[in-house]
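Two separate entries follow, structure 1 and structure 2, each one form of the same protein chain as structure tokens.
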Structure 1
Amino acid sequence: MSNLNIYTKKLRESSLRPTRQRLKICEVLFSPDKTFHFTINDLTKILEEKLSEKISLATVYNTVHAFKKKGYLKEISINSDKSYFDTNVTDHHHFFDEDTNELIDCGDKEIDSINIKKNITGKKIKSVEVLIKVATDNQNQN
């Protein structure tokens, strides 16, 4: 199946029509051979570079959220003013480099599986994420 068909399928499955703008977003998100992390701002900058015509912020937000809802993108929990997204939607954890504000994958094999002994009555576990914050070892003396 051609990339274009793959993108169209993903869009249709997300209840979105395959428009010019959305196909361009797909190309940026899903054609690289490596998965990656991005903010809406990152994605918009990449799109502006690759694209002759402008693409509106609202369209980027809408499309990313639709993909997230469908499970084609994942949002990462970080205390930050902006949201981070991940094209790697498999279960995995993250390092967050506080110096560079960069997310780094931590595969399932690099961390022992999390065993939770408590449960919340009436509630089901939707996700379990480990976030490991790292920084250069400056002994941060207040």
Structure 2
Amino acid sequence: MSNLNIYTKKLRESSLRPTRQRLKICEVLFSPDKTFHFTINDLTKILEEKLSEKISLATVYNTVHAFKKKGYLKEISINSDKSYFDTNVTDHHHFFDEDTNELIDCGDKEIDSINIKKNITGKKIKSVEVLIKVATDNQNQN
């Protein structure tokens, strides 16, 4: 199946019409060999650099959220007003560098097993994903 057919299928499964602009968004999100993290604003800038036309922020926002809802993207909330999206939807951990605002994958082998001692009654744990926030240690710099 060609990339165009794959992108069209993803859009339709996400209840979106496969417009030229949405297909371009798919091309950026799903064609790279390597998964990546982005904010909506990051993705808008990437699209503007790759294309000679501008795609509205609303189109980018709606497309990303439709893909998230369908499970094609994962949202990682850093705080109440900052979210990143990840094209790697498997369960995995992250570092967040507060100096550079960069989200970095952290593999299972880099974290010992996590022991959850309590659960919420009537609920089942689906996954455990750790977000580790890091920043420059100014006290140790001379």
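Between two forms, the rigid core is the largest collection of C-alphas that superpose within 1.5 Å. Everything numeric in this text was worked out from a predicted model, so none of it was measured. Each residue is numbered by where it sits in the sequence of structure 1, with counting from 1.
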{"query": "Of structures 1 and 2, the one that is the form predicted alone", "finding": "2"}
{"query": "Did N41 shift 2 Å or more between the two structures, C-alpha, core superposed", "finding": "no"}
{"query": "CA of V128, rigid core aligned, shift of 2 Å or more between the two structures", "finding": "yes"}
{"query": "Shift in Å of the D81 Cα between the two structures [rigid core superposition]", "finding": "3.1"}
